[in-house]
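Coming up is one lone chain in structure tokens, specifically the form predicted alone.
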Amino acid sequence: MTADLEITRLRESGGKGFEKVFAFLRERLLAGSLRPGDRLIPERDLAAQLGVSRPILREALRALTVLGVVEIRDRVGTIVRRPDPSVLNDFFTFAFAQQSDVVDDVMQARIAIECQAVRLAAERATVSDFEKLQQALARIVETIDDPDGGSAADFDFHRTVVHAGKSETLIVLHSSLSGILMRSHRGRRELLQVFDSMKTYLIEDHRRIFDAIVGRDPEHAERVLREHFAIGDDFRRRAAIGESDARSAS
């Protein structure tokens, strides 16, 4: 019984210690008193300042190293880094991997992100962005009969829209979901095997989104994008209940 209590105390102490270290870095990064490239004070001094043991501090710093927040260099110390947002992609993919309805749930987040991003893109996109969107649109046309290439082309078009919005937060959020979003794009491309008429819809809808961005019309751009999502959902619904172009024709 005594041993169990001792283990519990150690776990609680470790948890609180981790929180102190994480909070220390988070608050100073947000305040701007710590920046990428800065070196933390020596381990002994930092442990004393935070009121944690050196082993707990080391474990917390190792965890932060995995997240890309710091880098521990031999004979140099602990250096603050600019985290790579792409690690969030792996985190979300693993976190949601076992949820059966994850694609539908993430789709709602995608709609929120992209609808705001497309409005910003209509206001902020540069000529270079227009060229990238035009190239992405051309790839959608070229890969219309290729499920793998087509899903990648679809994703690239929508990612380019988000980047054209120039919001770093939206870009990071969209990128963090990219692994799951690719599954969504692949699933929608597979519907082309059931609905041949969907090919025209895919090409024309993406062209309408492109035209709305080039036309600098945020409201129209968002409306077209929401219609695009709604039509895609309708094709999924029809496939789920056994409909197809062949049955519709008969």
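Under this definition, the rigid core comprises the largest set of C-alpha atoms superposing within 1.5 Å between the forms. This structure is a prediction, so every number in the text was calculated from the model and none was measured. Each residue number is its position in the shown sequence, starting from 1.
Only in words, not in the display: the form predicted together with a further copy of the same chain, which the text now covers.
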task = Check each of R207, R39, R26, R216 and return the one that places a heavy atom within 4.5 angstroms of a further copy of the same chain in the predicted bound form.
result = R26
message = Is it the case that D211, even though its partner is missing from this view, gets within 4.5 Å of a further copy of the same chain in the predicted bound form, heavy atoms only?
response = no
inquiry  = Even though the partner isn't displayed, in the predicted bound form is F235 close enough to a further copy of the same chain, meaning a heavy atom within 4.5 Å?
reply    = no
4.5 Å heavy atom contact, A47 and a further copy of the same chain in the predicted bound form = no
Contact label in the predicted bound form: R139 to a further copy of the same chain, heavy atom within 4.5 Å = no
note = Only one of 85-93, 155-163, 126-134, 142-150 sits within 4.5 Å of a further copy of the same chain in the predicted bound form by heavy atom distance, namely 85-93
request  = Using the arrangement in the predicted bound form, list in sequence order the residues of 57-76 with any heavy atom within 4.5 angstroms of a further copy of the same chain.
outcome  = R58, E59, R62, A63, L64, V66, L67, V69
message = With a threshold of 2 Å on the C-alpha, tell me if E168 counts as moved between this form and the one not shown once the core is superposed.
response = no
query = Against the rigid core, is the Cα displacement of L61 between this form and the one not shown at least 2 Å?
reply = no
inquiry  = On a rigid core superposition, would I72 pass a 2 Å threshold for CA movement between this form and the one not shown?
reply    = yes
key: Cα-Cα shift for V172 and R26, closer or farther in the predicted bound form, minimum 3 Å   = farther
